[in-house]
Structure formats: C-alpha cells, structure tokens
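Just the one chain here, laid out as structure tokens, in the form predicted alone.
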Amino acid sequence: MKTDQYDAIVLSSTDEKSAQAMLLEHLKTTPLPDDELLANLGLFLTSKNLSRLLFFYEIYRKIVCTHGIIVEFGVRWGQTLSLLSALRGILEPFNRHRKIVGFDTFEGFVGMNEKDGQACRCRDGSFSVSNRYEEHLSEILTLQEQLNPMSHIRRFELVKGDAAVTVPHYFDRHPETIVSLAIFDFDIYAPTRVALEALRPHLAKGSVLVFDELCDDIFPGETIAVREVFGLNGLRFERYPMTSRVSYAVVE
C-alpha cells in the first residue's frame, strides 16, 4: 500500500503498522529530557531500521582504504547522507578528500516512462519532500560536520534538479573526481540510466555500487538501467543477510 502523504510504499502487515504507530506515538510523547533524547534514539530503532544502519556501516568499511568521494543518487529526506557523514567522522575523520555529494530533485520523480511499469502506482512528482527541505537537510549536514574533526572544511554538497542535467554537469565540472562509493536510490529508470553512464568513467577497481531497488518488481527501472549500462553479468551483486532489498557490487 501507499501512504496518504509523500507516496511512501509500505509492505508491513496490519499488526506491524499498528505497532509502528504506537512506537511513533511513544517517540512524540517521550518523557526523556531534551538533553538526553539524541543520545537515546536507539530506544526507538526497530530491527528493520537498524538493519539499514548496519548495512551502511559494513559498506563504509569497504571503502575506507580506497580513494574518492561518495555520491548518492536519490537523497529524499537525507538520512543516508547524514549517516555517512557520521560514519566518516568515526572511521576516517581526517580524510578531507572524502566529500559526500547528494543528487535529488527535492520535488519528486522526474522522467517516469514505460520501463518503470505500473506496480508502484507512481507518477512524476511522486516521493516529493516538503517545501525547501534541502535547506533543512543542509543545516543538519552542517551540524554533523561541526561535531567532527576538520569542521572548518565543508565536505558535503547537495545538488538539486533533474538528474538528466545535474549529474552529467557535475562530472563535467569535476573531471578530477574518483567515486569510491555510489548509492543508487532514484528508483526509476531514466535518472538511474543517466547517472550510471555519467558515473562509469569515474569508477576505479574497488569502487562500491549500492542499489536500493535491484531485482525489485515494484521498481523494475533500476534493474533495467543497470542491465543496459553494465550488463547483469558485468557485476557481482551481493547482499548482507540483515537487509532484504539493498544490494551492492564492487568494481573488479
């Protein structure tokens, strides 16, 4: 099912959704004092949400000894970007070259076509975020950097706009770029294909590619784009047992 707001697709059972709603209410009404809330966010983490955090911890460990930046194609609310910033602060706080760049329209899907199928029941504009959300996210990422070493050097960038334009333009402006980690979460075919094509010359052996909807019947466009650009036999797709959907490949 899809939720009424922002088009999130939820596959949870009725009982699971009820428990999640109750947990959310406990978060909203928690008696925890403000100065202890951030330190106790784990109190409200479900196994599903924790599994994604653990996935990206394992993925980040794979790139610590490789050179290059991190890019995320499809930022939405920006949780992954914030998590990656925190992991950078833990695992390699003094790596000034490990820039984190996020691409998103911040206005929802752009460029849906027949290769995206009908199962997701989406349209251009689906999965939008609240107005001027990128400004809010930028403030959060700035605070993340202030809480870690080298806070005087800005090591993140948000690129707003249609990926068909912004992604090739970014790499044209930054020919020096090596991509150590690329995360694909555009969901749909057209921007994913453009990003894959623009990214390919900037990959090196050891670069890691993460896919959020690979082999997903609800969003077939991502798999089709990967098949057309790399070929499914051109990459070894792997996953961790703690996550059901997210997969990765290491360039060999």
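Nothing here was measured: the structure is a model prediction, and the numbers come from that model. Each residue number is its position in the shown sequence, starting from 1.
Absent from the display: the form predicted in complex with a small molecule. The rest refers to it.
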| item | value |
| --- | --- |
| Stretch in contact in the predicted bound form with the small molecule, which is absent here, among 103-111, 169-177, 84-92, 138-146 (heavy atoms within 4.5 Å) | 103-111 |
| Residue contact check: residue 116 to the small molecule in the predicted bound form, 4.5 Å heavy atom | no |
| Non-hydrogen atom contact residue 191 with the small molecule in the predicted bound form at 4.5 angstroms | yes |
| Exercise: residue 222 in contact with the small molecule in the predicted bound form, heavy atom 4.5 Å | no |
| In the predicted bound form, residue 98 touching the small molecule (heavy atom, 4.5 Å) | no |
